[in-house]
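Take a look at this single chain in C-alpha cells; it is the form predicted alone.
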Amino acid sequence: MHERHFAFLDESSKKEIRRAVLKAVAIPGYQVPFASRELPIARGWGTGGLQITLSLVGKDDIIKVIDQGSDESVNAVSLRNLIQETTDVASTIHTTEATLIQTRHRVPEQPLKEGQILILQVPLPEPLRNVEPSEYKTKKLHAEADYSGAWLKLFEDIMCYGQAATGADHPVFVNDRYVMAPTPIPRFDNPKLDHNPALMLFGAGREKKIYAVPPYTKVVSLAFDDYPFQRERFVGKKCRLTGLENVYLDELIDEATGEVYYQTNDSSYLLEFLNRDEGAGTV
C-alpha cells in the first residue's frame, strides 16, 4: 500500500529543501540550488513556492494562498486545496491570521508581522538573465559582485523611454551584496521588501533555486541618483468600492456601460475594508 506522507513530500525531500532554505536565510539574496521535486501540478504553476510551503508547514499552521492579489483564482484555490488535503491544516483569507502565506505576483497590502513567512512563487530567479544567457557566467558575476549588466540595462531603459521599463520584477539590491529578482511583483510592492518583519522566501521550481530575505533586511530597488526608483502611481484614481487610494489598483471596464473604473487588487484587503465599513454602519 502506498504510504501517505504529511504535506505530500517525503521526509528526505523536505529536509533537503529546509537545508536549502537555511542557507538562503544565512546569505540574503543568494540563489541556493535544490533538487526540485515532481508535483501533481505543472512546472511554472508555482512548484517552487509550493515545495517550500509543503516543507515548512506544520499541523498548527494557518495557510493563505494568493494569486495576483486574489484568494479565489484557479491557481490559488488549486494550491490551497492540495496543501489542505495533504495536511488538514486550517486556511484563511485574512493576512493577519496566516502563519504561512504563499503568493504569486503580489505582496499583501496588509503589513506583515514577526513570525509570519511569506513564500513567493518565482518563474525566473536570475536577475541577470536578460543580459547574460550563460548560467556559469551569471554565477561568476554574482561571486564577483559585478552587476554592470543590470545597471547598463537600466541605463538603456532610461535613454530609450525616459524611465525604467520594468513593469514588474524590478531588480533589488539585498543587504548591500546581491542583486536579486523579487519575482514579478509590481514595482508598487518593492518597498514592502525593505526591513519587513516577516521572513520572505522565494522558490523557483522550474529553475531549481531558493533564495530569501530575512526579517529586517535592507532591500533597495536599483535606481540612479538622478533617476530615482518610482512605484506605479495612481494619481487621481481610487477604488470604486472603497475609495482607497494608497493601494495597488486594477483597471477594469464595466461591461454594461463601457466605463473604465479601478478596484483594489488585494481581494482580502478589499473585503476586510468593506466588512469593517458595513459593521461600523450597523452600530
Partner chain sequence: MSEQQKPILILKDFNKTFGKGCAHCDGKPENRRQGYCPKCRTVYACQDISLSLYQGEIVGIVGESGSGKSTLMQALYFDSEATSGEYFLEAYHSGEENLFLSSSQQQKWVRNMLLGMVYQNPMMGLKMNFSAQSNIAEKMIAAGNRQVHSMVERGDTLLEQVHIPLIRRKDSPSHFSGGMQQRVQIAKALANEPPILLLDEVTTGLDLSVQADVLELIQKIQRERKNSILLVSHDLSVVRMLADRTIVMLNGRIIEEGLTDQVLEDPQHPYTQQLVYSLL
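Values in this document were obtained by computation on a predicted structure and should not be read as measured data. Positions refer to the first chain, counted from 1.
What follows is about the form predicted together with its partner chain, which we do not show.
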Contact flag, R106 vs its partner chain in the model of the complex, heavy atom cut 4.5 Å: no
F224, heavy atom within 4.5 angstroms of its partner chain in the model of the complex: yes
4.5 angstroms heavy atom contact with its partner chain in the model of the complex for D146: yes
Proximity of A168 to its partner chain in the model of the complex, heavy atoms at 4.5 Å: no
Segment that reaches its partner chain in the model of the complex - one of 112-120, 148-156, 76-84, 89-97, heavy atoms within 4.5 Å: 148-156
Residue (of A198, L193, I185, L141) lying close to its partner chain in the model of the complex, criterion heavy atoms within 4.5 Å: L141
